[in-house]
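Next up: a single chain in C-alpha cells, the form predicted on its own.
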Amino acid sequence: MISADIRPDLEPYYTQELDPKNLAPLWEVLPGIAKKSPESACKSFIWHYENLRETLLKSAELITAEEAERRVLILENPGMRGRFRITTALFAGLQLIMPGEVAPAHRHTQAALRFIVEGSGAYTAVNGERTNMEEGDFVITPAWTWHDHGNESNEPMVWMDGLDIPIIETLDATFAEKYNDKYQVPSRPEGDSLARFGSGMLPVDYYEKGTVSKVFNYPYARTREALETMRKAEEWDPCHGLKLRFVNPETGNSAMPTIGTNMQLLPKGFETSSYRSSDACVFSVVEGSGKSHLGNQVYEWSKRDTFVVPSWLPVKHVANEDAVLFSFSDKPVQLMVGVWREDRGNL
C-alpha cells in the first residue's frame, strides 16, 4: 500500500500513469520490505492442555470423526486469527479420535506430522502400512500419501497435527483427493518401514535417496532412551540442553523437507542461555514442567501444553524438573533458501 503522505507532485503520476497499468513505485514501499530484522504478525502464546481438553472432548458430542473428516481444533496464533496458522509458515491443531472411530482415508499435497499428546492404541495408516501410536511418538504423513486414522482402544486419543499448509498455499500447489473407501486395507506388516530404513541398515538393492524419511513413526521409547543415554556424558548445550533432531536416515537431512522436528531434554534446574533464530518454533511439552521467557513474557508450562516462539524472539527455558520438549519449525525451508539465522546469546 502506498503511503498517504506522498509528495503532491508525484500523486498525478501514481494515479494517472501507474494505477491504470497495474504498476506501483517500489520506492514508496521499500522500507517495509527491506527490514533490518523480522517483523512478524506471529505472537508468542501458550495453550494449556488442561484448559483445552474438556472443550476438545465436547466436539465429539457434536460431530463424528467421519462427518468432520478430521476432527481438529486449530491452534490459531492470536496475531493471525482467521488465517488458520500457528506461525506464518505452519499450521497446528489438536485432533481427537474417540474409541471405535475412523477418520477416513484421503491424501493431499500438504505434508503432515502427528505428535501424540494423549492416549495409546490408536493407529495411523500411510500408503498401506499401519502403525500404532503411543504418547510422545512422532509420526510422518508425507505429501500426497494415502492416510487414515482409527482408534481401537477404549480411551480418547489426541495428537497434534503440524502441517505446511501456509507454505503450499503460498505456492498455489494445493491438491487433495478422497480415497475410494473408508480406510486402507493394510498391504505391509506393521513396523516394516522402521525395520527396513530405521535400524542402521537398508535393503541391499535400495539406492534411492528421497527427500522425506521412509521411516514414518519415530517411537518415543527409542527417542527417550537415546536422550537418557546421551545425558550420561553431561555435554549440555547452553542454549538447548540436550537436543536431537529427527532425520531422514538415508540422507541425514530433516525427516520432512518443509518441517524440522526436534526432541530435547532439560535436566532439573537447568536454565538455558538466551537464544533466538529466524524460524518461528512450536513446542509441545512431553514430560516435566518449567517456564520459558519469550521476550518480555514468561509462560509457565507442564505436560501436554503447547507454546509458540515467533521468529527472532529471544527465548530462555528453565526446567523445574526433568523436562522433555518436542518442537517443530520451518527451518529446513529457510536452510534450503539460505536465509536461516541464529543468535546464541549475544543479545
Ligand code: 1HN
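When you see a residue number, it is the position in the sequence shown, counting from 1. Quantities reported herein were computed from a predicted structural model and do not represent experimental measurements.
As for the form predicted in complex with the named molecule, it is not shown, yet the points below apply to it.
Looking at the named molecule in the predicted bound form, residues 72, 106 and 163 each place a heavy atom within 4.5 Å of it. Although the partner is absent from this view, residue 246 stays clear of the named molecule in the predicted bound form, with no non-hydrogen atom inside 4.5 angstroms. Of the heavy atoms in residue 276, none are within 4.5 Å of the named molecule in the predicted bound form.
Within this chain, residue 85 is remote from the site of the named molecule in the predicted bound form, having no heavy atom within 4.5 Å. In the predicted bound form, residue 95 approaches the named molecule with a heavy atom inside 4.5 Å. Residue 91 is the only one of 91, 218, 115, 123 with a heavy atom lying within 4.5 Å of the named molecule in the predicted bound form. Remark: of stretches 233 to 241, 248 to 256, 200 to 208, 141 to 149, the one touching the named molecule in the predicted bound form is 141 to 149 (heavy atom within 4.5 Å).
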